[in-house]
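Just the one chain here, laid out as C-alpha cells, in the form predicted on its own.
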Amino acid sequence: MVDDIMELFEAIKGRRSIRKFKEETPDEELIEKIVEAGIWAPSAGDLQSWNAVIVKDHQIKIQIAIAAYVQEFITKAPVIIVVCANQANAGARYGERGRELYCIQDAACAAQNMILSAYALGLGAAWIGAFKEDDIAELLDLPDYLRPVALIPLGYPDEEPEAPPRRSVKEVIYNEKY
C-alpha cells in the first residue's frame, strides 16, 4: 500500500503540462484506458455527468486551436479529448445547481483523472481551459446540454518541462475560519 501511495504522489508531482508532442498517435486502447480513468472520478450522485469527444482530424484540431485563442501547439497533439459537462444529466436530478455547478465539477474531476492516467501511461497532456465555448460547441456539433469544459491535447511527450513554483501548504490552509 505504501508503494502505491508513493507512486500516486510521484504521479501528482511529476505530471507536467506538455505542449510539444511526437507525431506517433497513441493506440485506441490507451485512449480508452485514459477515458475509463475519467469514469472512475468522483461525481455528484455518481451520475458521471460528462462526456468526451475524441478529436484526431487535423482540420478540426486547427479550428479548435483557433477557438482556443490561437494556441497553435494544440494542432500538434495527435489527439484532443474535449471534456464536456452534461448539464441535462445533472440537472435532471439536481436542478439548476446540477446544471450550473455539479456537472462542471464532475467534468473537472474526470479531466484530472485522465491527465494523471495519461502521465502514468507514458503520455503527455495539458489542461486547456482558455477557449471560446460557443465556437467549440458549434465545431463539434454538441447538443445544447453539453458544455465544453476542458481541452486535453494528448500524445507522446517531446519535452520534459521543469516543475513550476508551487505555493506552500501553509499559504493555502486556514483553520476553522478564513
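Quick note: we count residues from 1 along the sequence shown, nothing fancier. Note that the structure is a prediction, hence the values are computed from the model and not measured.
There is another form of the same protein, the form predicted in complex with a small molecule; it is not shown, and what comes next is about it.
- Just one listed stretch, out of 44 to 52, 24 to 32, 124 to 132, 58 to 66, contacts the small molecule in the predicted complex at the 4.5 Å heavy atom level, and that stretch is 124 to 132.
- R167 falls outside the set of residues with a heavy atom inside 4.5 Å of the small molecule in the predicted complex.
- Although the partner is absent from this view, Q71 contacts the small molecule in the predicted complex, with a non-hydrogen atom inside 4.5 angstroms.
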